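Single chain ahead, by itself, as C-alpha cells, in the form predicted alone.
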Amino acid sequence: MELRKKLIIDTDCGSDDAMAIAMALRDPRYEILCFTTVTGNVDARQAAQNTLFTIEEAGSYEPPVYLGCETPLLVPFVGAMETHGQDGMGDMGLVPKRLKVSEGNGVLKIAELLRESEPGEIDIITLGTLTNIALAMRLFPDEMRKVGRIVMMGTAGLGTGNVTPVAEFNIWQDAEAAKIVFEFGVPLMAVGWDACIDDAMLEQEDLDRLISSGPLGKVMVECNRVLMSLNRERFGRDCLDMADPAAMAAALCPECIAECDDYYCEVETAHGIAYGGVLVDYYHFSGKPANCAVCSRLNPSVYKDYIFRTLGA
C-alpha cells in the first residue's frame, strides 16, 4: 500500500479554513499529523475550538490540535470578524462535542515532528497568518529546513488585495512573520487570493449541491453565511470566494492548478498603505533568484470536483 504523504496544517480556523480542513481530512492520500492554531481570522483559542468542531464533523480520523501563537509578532491583532463572524464560524454556536485541545505548544510540536522526520517527509500547509511558522524558523532553523515544502494561502497572487489595495489578509495581519518565511529559503508555494475568485467562485448551483449532499456539506456552506452576506454587497450575488479550500486543493490535488510560476517575492513591512503587500517580481527586474511558486489561477471544474469529491457531494 502506498504511504500517505504526511502533513502539518497550521490554521487560524475561520469558516473557509473549516471547509479546507474537512477536505484534507477526507483525502485518503494524506496523513495529517497535527493541526496547530494561530491568531488571525480569530484568536488562536477560538481557532482551536473551530478546528476541533470541524474534525468532528468531517467524520474521518482525529489528529491532535495544538495551540500556537496568540498574538502577531509586532502588530496588534485585528481579526476578520466582519468576514467570518465573531466566532469565525458564522456565529451559529458551533462547538466541539467531544474533542479537546491537546497539551503542548504548537510551535514546539512543529519542531518536534520535523526533528523526528526524514528530510522532505513532512509538508506544512498554512491557512492563516504565518506567526507560528516564522517563530519556528527563528527558534528551530535546523528542524524547519527539513520540511518538504510549505504551501500557504497568502498574498494577492498576481492581482489585488482583499484587505487593502495591495495586501491579502493572512500576510497583512502579520507581515513581519511573512517576511521571515519568504526569506528563510525552503520551498514555498503561495496560493493567492486571485486563485479563488472569478470562475473559481462557488456559485449558487455549487452551494446547492453541497447543501443537498448531507450534513457535512450543509454545515460547510452555512458556517460561511457572514461571508455570503459580505459577498452580496461586494460581488452582487450569493457566492463564496473560498481562499483556504483553493489553497488546499492546490496543495493536495495539483491537477487543480492552472497557473503557477516561480518568482522572487518580497514582503512590505513599512507601516504605510503598502504594509503586508507582497511584491511579486513578475518581470524579474530584481535579478534575484525565485523564492516562491505563486499559484494565481485554478482550473475551476477540476477544483470544484475536488471539493465535491472530498466533501461527499
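These numbers were taken from a predicted model, which means no experiment stands behind them. Just count from 1 along the sequence shown to find any residue number.
Quick note: we don't show the form predicted together with ligand RIB, though the next part is all about it.
Contact assignment for ligand RIB in the model of the complex, among M89, M220, I133, M153, heavy atom within 4.5 Å: Only one listed residue qualifies here, and that residue is M153.
Which of 96-104, 135-143, 161-169, 112-120 lines the interface with ligand RIB in the model of the complex (heavy atom within 4.5 Å): Stretch 161-169 is the one.
Partner proximity in the model of the complex: A190 to ligand RIB, non-hydrogen atom cutoff 4.5 Å: Residue-level check for A190: no, no contact with ligand RIB.
Interface membership of N41, ligand RIB in the model of the complex, 4.5 Å heavy atom rule: Heavy-atom contact with ligand RIB at 4.5 Å: present for N41.
Contact label in the model of the complex: A175 to ligand RIB, heavy atom within 4.5 Å: Looking in the model of the complex, residue contacts with ligand RIB do not include A175, since no heavy atom lies within 4.5 Å.
In the model of the complex, A243 touching ligand RIB (heavy atom, 4.5 Å): Yes.
Residues within 4.5 Å of ligand RIB in the model of the complex, restricted to 79-109 and counted by heavy atom: Only H84 sits within 4.5 Å of the partner.
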